[in-house]
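In structure tokens, one chain follows: the form predicted on its own.
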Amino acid sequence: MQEIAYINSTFITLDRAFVPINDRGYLFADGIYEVIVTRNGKPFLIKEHLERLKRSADAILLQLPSSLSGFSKIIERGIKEAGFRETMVYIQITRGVEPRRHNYSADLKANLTMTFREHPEYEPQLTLKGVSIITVPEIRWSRCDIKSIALLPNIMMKQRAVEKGYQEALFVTEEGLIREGTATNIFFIKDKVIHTPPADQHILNGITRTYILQQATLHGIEHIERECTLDETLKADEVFITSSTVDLLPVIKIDETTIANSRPGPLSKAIKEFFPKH
């Protein structure tokens, strides 16, 4: 087992992987990315991840260097060569490499990199006991639906959360609307109904977010996508956050407010069981 990288057309060990200094991703964060994890050795929801990658590329007028089926083949080979029981695949596509200037050449070739690392396992106690999050001001740009590598606001607010002893930071607008976490989507439950902010330009429509809503429909659980306020979130029966890397984590505290009885709720636990077992 070893961590490996794929750069344009070559697999190499991760310690030998470098990108050019004139890569526009390095210079301007001019690029997009995706993170895919495996379950039982197979990439989970890969079709949905690659389709979102294509939507992000289209949104910034970036020509993908491969077909989606081509990406799938690279990913399958990389998972096999890395040899981990469960793998985290990071895909990054930048606009390409050329001397630094804001505009770019029309014929610039995109730069594709991937890394294949062991999928880090979150402590079971986080799911069993729940996590605490803080609220932070919404300081990001207006196209959060694009999975851009320009993540400085997310980094700043995640660092603030960690330094204060919290698991995640939740972006909240001046009007008191909740958006999403730095790397997660948020849901709350009130009277057995799931509520979550709409998948518009203000949030990234998480693949796990969509999966949960689909599973809720299949299991007859009522759910509503709408603008949600921080005030009603604080008064919810249950709150949880989701992402590809954590699946679902119950939230038991927001800032200094305890959610319900400070324990993961029954519906959150039931939704967690919708995910295939490792």
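Numbering starts at 1 and follows the sequence shown. Predicted, not measured: the structure shown is a model, and the values here were computed from it.
As for the form predicted together with ligand PDD, it is not shown, yet the points below apply to it.
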| message | Counting any heavy atom within 4.5 Å as contact, can you tell me which stretch out of 156-164, 103-111, 204-212, 76-84 lines ligand PDD in the predicted bound form? | response | 204-212
| Heavy atom within 4.5 Å of ligand PDD in the predicted bound form - residue from Thr245, Thr229, Ser67, Gln63 | Thr245
| Position in contact with ligand PDD when the complex is considered in the predicted bound form, options Thr135, Thr182, Ser132, Gln92, heavy atoms within 4.5 Å | Thr182
| field | Any non-hydrogen atom of Arg52 within 4.5 angstroms of ligand PDD in the predicted bound form | value | yes
| Is His119 one of the residues lying within 4.5 Å of ligand PDD in the predicted bound form, judged by heavy atom distances? | no
| message | Residue-level contact is defined here as any heavy atom of the residue lying within 4.5 Å of ligand PDD in the predicted bound form; does His195 satisfy this criterion? | response | no
| query | So in the predicted bound form, does Tyr26 come within 4.5 Å of ligand PDD, heavy atom to heavy atom? | reply | no
| Residues within stretch 138-161 having a non-hydrogen atom within 4.5 Å of ligand PDD in the predicted bound form | Arg140, Lys147, Asn154
